[in-house]
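Same chain, two forms, each on its own as structure tokens: structure 1, then structure 2.
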Structure 1
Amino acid sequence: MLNRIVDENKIKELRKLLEVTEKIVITCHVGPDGDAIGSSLGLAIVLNAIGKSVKVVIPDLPPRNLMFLPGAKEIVNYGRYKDFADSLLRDADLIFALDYNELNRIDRVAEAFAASKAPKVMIDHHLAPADFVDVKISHPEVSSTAMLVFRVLCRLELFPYIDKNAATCIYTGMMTDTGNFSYNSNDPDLYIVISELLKKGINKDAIYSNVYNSNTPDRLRLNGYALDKKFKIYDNLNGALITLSRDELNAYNYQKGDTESLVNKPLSIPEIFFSFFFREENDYIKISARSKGEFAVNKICEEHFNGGGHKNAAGGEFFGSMDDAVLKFENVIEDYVKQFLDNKC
């Protein structure tokens, strides 16, 4: 039996909205990861099963290693199909905001999202959710939005409609947002949910292989290059930084998902307790951060890189050059490490 954490009044509000809606749009954040895509597709499959017309709209392409998920090929890429996506948002009876806590996290979709007159529901696990929705289901203590979606579906009495396909998507979200259950994963309820998803028929070994072991020669070479040439260890800080410029990514025919889990690699060195990865996008630097133990990388991302997340897994953005991003990182990281070590003493 799962502990009840979602307020019953919010469940009632959501139930009422679902009773009177037919056309639903689900949105998730720019640069979607496994949790964003998995939670969105899992929810879409269940809502389709109860007779709703559901579309998932995302700002850009999903990562290649997530295209095996049921429903992934039906995702509407806003950047490619703007007019169609705008019409979906305009005509929707209900819009979901999944795995993001601020409107700017959906980038180019934000204007059409805000302009839509449809009621809006947030299901998210990031800190400090903004007020841009009608129903806010926000639980930062939950390890993934996918697990929170599972909880919400159960409370809506829709558990019987979670089939193998929906369970596969939900499990993928849970797995990827915990590094295959290697961080943010000490909640006993997490394993109750995994057990229920296994009963739905998922193949967790195949899911892991699809996400983490689905390589191309270019992807292997890119990751090898990053670790050989672009991996910097800060010995005095027990940390690491990996950077990849747009030219370097292009040299290896980079596709979304090719650097998935790269940020975790330095943490396999016992002495290192934090790792950052800076990847240059077209107009900003995408930042991923991971850590061990009590070192909180989310504070660094929140306070300096327009982001946030969880203590051991966070992300952000820097609008400027790679050199400036690295300079800012090196200017602030020492103070956080010093404060962390002082608090341990």
Structure 2
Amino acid sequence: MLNRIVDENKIKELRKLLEVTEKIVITCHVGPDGDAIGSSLGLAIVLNAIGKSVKVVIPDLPPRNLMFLPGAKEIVNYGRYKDFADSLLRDADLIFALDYNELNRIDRVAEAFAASKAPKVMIDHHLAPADFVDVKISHPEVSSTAMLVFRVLCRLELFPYIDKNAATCIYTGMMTDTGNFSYNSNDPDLYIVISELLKKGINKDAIYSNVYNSNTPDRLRLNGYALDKKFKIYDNLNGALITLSRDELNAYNYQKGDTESLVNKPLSIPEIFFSFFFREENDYIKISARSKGEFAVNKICEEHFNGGGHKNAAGGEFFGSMDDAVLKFENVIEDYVKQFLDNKC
């Protein structure tokens, strides 16, 4: 038996909304990861199974290694099909916001989302959820939105409608947001849910292989280059920074998702407790940050890099050159580390 965590009143509100709903749109954040896509597709499959007309609308395409997920090919890419997506959002009876806590996280979809008169329901696990929905199911203590979707579906008595396909999507979200159950993964309920998903027929080994064994030669070489030539360790701070410029990315025919887990690599050194990765996009620098233990990288991303996220996994954006981004990072990081170490003593 799972512990109950979602407030009964919210479940009642959601049940009521679903009763009078025919057309549903599910949205998730820009640069979608396994949890964003997995939770969205998992929910879509179950709501479809109970007779709803459901579309998943996202700002940009999922990475290639998630395209094996059931329903991934039917996702509506807002960037490509804006008019169609606008009409879906406008005509929807209900809109879900999955795996994000602020409207700006859905980028170009935000305007049509906000303009739609449909009631909106958030299911999310990021800290500090903003007020842009009617029903807010926000649980930062849950390791993935996918796991939260599973909990909500059970409470709605829709567990029987979770088939192998939906279970595959939900498991993928749970697996990717915990680094294959290597962080945020001490909750015993996690393993109860995995057990239920296995009984639905998922092949967890195949899911792992689809998601993680998805290298191309260029991708592997780019990561090798980054670790060999662009990996700076700040010995006095026990932290690391990796940077890749546009030219460097182009030299290895960079495709979205090619540097997906690069930021985690420095943390495999026992002494290193934080790691940043700066990737040059066309008009800004994308920041990814990871940490171990109590060192909160979301705070740094919020305060200096227009971003946020979780304590141990966060990100943001820097509008300026790579050199300026590095300069800013080096200017601010020392104080955070000092403060952290002072508090620990």
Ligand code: 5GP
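One-based numbering along structure 1's sequence throughout. What you are looking at is a predicted structure, and each value in this text was computed from that prediction instead of being measured. Take the two forms, find the largest set of C-alpha atoms that superpose within 1.5 Å, and that set is the rigid core.
Taken from the form predicted alone is structure 1; the remaining one is not.
A displacement of 2 angstroms or greater separates the C-alpha positions of G307 between structure 1 and structure 2, with the rigid core held in common. Comparing the forms between structure 1 and structure 2, the C-alpha position of F68 differs by less than 2 angstroms, with the core used for superposition. With both forms fitted on their core, the C-alpha atom of N282 sits 2.7 Å from where it sits in the other form; this compares the forms between structure 1 and structure 2.
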